[in-house]
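Shown here is one chain on its own, the form predicted on its own, set out as structure tokens.
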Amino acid sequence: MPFSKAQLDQYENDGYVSPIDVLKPAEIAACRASLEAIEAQNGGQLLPAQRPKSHLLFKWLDDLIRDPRVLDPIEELIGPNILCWNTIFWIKDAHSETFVSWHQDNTYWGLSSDKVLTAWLALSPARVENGCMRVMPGTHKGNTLHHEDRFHDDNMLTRGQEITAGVDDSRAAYMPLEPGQMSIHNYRTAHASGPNLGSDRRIGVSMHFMPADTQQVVGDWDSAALVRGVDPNRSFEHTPRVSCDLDPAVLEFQAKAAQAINAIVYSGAAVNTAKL
């Protein structure tokens, strides 16, 4: 269903829109089962190197980034030629102190476009008590806010980047999601999330989409999936399709792509090797 004028205005003015219904309960159950089967092989969690470019590890996620239920609203916001730059799991165990500090993604992704956005899909309840995402409306406009790297052990961000001034929690807009729903926010919109105080894991996956004319201005090499339209610039190497979970033919590419992402996001930082 196309966005209403009110939703389009909200995205333009506030930098986010939520919630959007995407997957049905049976689909969500299958996605979660696939994820937790791979986690079980690693002692109950994904390996750090499996978090970036995770659509190259899970067939259902490679399919999802091309699903019209995801892409149709994305196209309304950024146009018909769409690349998916990255996909990352965001998992907070039940009763976990894990959090995400206030930050803007454009500060460390190295992407040239102001239209880059994140679609965040819930695989389990992502309510306020579960540590759902909250955003600071309107921060996608104007200058990027000042960040500092703080490397807190419970911070899920790679380098613990945190906005030091310009956000006010009392003005934050929460984006609670039920399983199968997604939110969308511009990557310049300041966002954060708190700990999971609930009894179920808070499992989400973020999908990062950009117009095909975007360029990588930090890394020497980067990759992206062409998920809709055409890519005349070919600034990113196109990621291969996967035929099954942990497709042996794609694992080497995923490892290279994940290392490239880490080099980009840690550029200029004292690397926290525990997050690699």
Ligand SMILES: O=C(O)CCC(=O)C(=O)O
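Quick caveat: nothing in here was measured; it's all calculated off a predicted structure. Quick note: we count residues from 1 along the sequence shown, nothing fancier.
Keep in mind that the form predicted in complex with the ligand is missing from the display, and what follows is about it.
Participant: Have a look at Leu71, Ile78, Val167, Val100 for me and say which one sits with a heavy atom within 4.5 Å of the ligand in the predicted bound form.
Facilitator: Only one listed residue qualifies here, and that residue is Val100.
Participant: Which residue, Ser193, Asn86, Asn196, Thr139, is the contact with the ligand in the predicted bound form, using a 4.5 Å heavy atom cutoff?
Facilitator: Only one option qualifies, and that one is Ser193.
Participant: If you check in the predicted bound form, do Lys53, Phe236 and Thr239 all have a non-hydrogen atom within 4.5 Å of the ligand?
Facilitator: No, none of Lys53, Phe236 and Thr239 comes within 4.5 Å of the ligand in the predicted bound form.
Participant: Looking in the predicted bound form, any heavy atom of Asp105 within 4.5 Å of the ligand?
Facilitator: Yes, Asp105 is a contact residue.
Participant: Counting only non-hydrogen atoms and a 4.5 angstroms cut-off, does Lys59 reach the ligand in the predicted bound form?
Facilitator: Contact with the ligand, no.
Participant: Residue-level question: is Thr118 within 4.5 Å of the ligand in the predicted bound form, judged on heavy atoms?
Facilitator: The answer is yes: Thr118 has a heavy atom within 4.5 Å of the ligand.
Participant: With a 4.5 Å heavy atom cut-off, would you call Met133 a contact of the ligand in the predicted bound form?
Facilitator: Flag for Met133 set to yes.
Participant: Sequence order please: the residues of 186-220 with a heavy atom within 4.5 Å of the ligand in the predicted bound form.
Facilitator: The stretch 186-220, when checked against the ligand in the predicted bound form, contributes His191, Ser193, Arg202, Ser206, His208 at the 4.5 Å heavy-atom cut-off.
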